[in-house]
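Here we start with a single chain on its own, the form predicted on its own, put down as structure tokens.
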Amino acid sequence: MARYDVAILGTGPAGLEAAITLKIRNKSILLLGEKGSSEKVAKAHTILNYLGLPSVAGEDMQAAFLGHVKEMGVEITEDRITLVYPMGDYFALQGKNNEIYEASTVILACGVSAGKPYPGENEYLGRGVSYCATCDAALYRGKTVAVIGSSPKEEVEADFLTEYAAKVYYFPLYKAEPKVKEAVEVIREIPREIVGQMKVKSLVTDQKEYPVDGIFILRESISPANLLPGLEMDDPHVKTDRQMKTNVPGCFACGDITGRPYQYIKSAGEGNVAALSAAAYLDEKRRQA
């Protein structure tokens, strides 16, 4: 398996800036995220405070970012990482479709996780709560599961689970009518709490309680604390120093994930710092080898 120097999670301003800086430093990089870059950028109205791009529309800014990345020969791998494992001298990253990647260092540039965790979510992570249907579906063969979908993109996950689970409840958190298999029961109720003992026992909504063996919470982004166990947090943000170092050796963070202000130019600047810090970390390790 190929091991990259740096894996970058996120294709917003922070992740893209980190990628081009590391490209200049001749590091092998794996840039993971959406090829369309950041939806937050694309939908922005006129941006007035980005140096060199005065009065720029979000759509035009995104085009400029992606054009720069393309010109530098940086490729984007479309995948959503569900777990990062520190393995001593490298990190293993688990993708949405159970793909495993390896990198000597990691830069977290995946933005702020939308929404607070449900009561019971963190307690039962790995004991009935999962963020990846492809990864864990086989554990629920013949059982009952609930899927909480944040967008229509998650409908395929609910469909996939019907190949294993005896019963699949789907709780859409969006207005559009879900297009799922007949075997999937769509429930228009709001999830409130995850209940269990040693393992998950039920999902409580604003109307009733559903006995289930597993709950798949499919958000656009995963809380960094759940993405990388042991990562030090400051409420919803990752705690870093001025070099964008986290408390996990070899892991750096930049952009909105590190806290306010949520500004594009701040994110890009931190992406540059995180990249330089990751490069220095790799160079130091090689000198010590």
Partner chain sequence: MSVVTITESNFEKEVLQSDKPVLLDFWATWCGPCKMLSPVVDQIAEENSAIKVGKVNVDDEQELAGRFNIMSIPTLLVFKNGQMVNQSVGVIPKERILQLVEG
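The term rigid core refers to the most C-alpha atoms you can superpose between the two forms while keeping them within 1.5 Å. Because the structure is a prediction, the values reported are computed rather than measured. Numbering follows the first chain given and starts at 1.
Here the subject shifts to the form predicted together with the partner chain, a form of this protein not shown in this document.
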Whether Tyr85, Ala138 and Lys199 jointly form a contact site for the partner chain in the model of the complex is the question; each needs a heavy atom within 4.5 Å. yes
Looking at 202 to 210, 168 to 176, 148 to 156, 92 to 100, which one sits within 4.5 Å of the partner chain in the model of the complex if you count heavy atoms only? 92 to 100
In the model of the complex, which of the listed residues (Gly67, Pro229, Pro261, Gly36) lies with a heavy atom within 4.5 Å of the partner chain? Pro229
Considering non-hydrogen atoms and a 4.5 Å limit, which listed residue (Pro119, Gly126, Gly142, Gly73) is close to the partner chain in the model of the complex? Gly126
Do Thr77 and the partner chain come within 4.5 Å of each other in the model of the complex, heavy atoms counted? no
So in the model of the complex, does Thr162 come within 4.5 Å of the partner chain, heavy atom to heavy atom? no
Even though the chain is shown alone, can you say which residues of 243 to 262 have a heavy atom within 4.5 Å of the partner chain in the model of the complex? none
For Val180, is the C-alpha shift between this form and the one not shown 2 Å or more after core superposition? no
Does the distance between the two CA positions of Thr105 reach 2 Å or more between this form and the one not shown, the core being superposed? no
Using a rigid core alignment, state whether the CA of Arg219 is displaced by 2 Å or more between this form and the one not shown. no
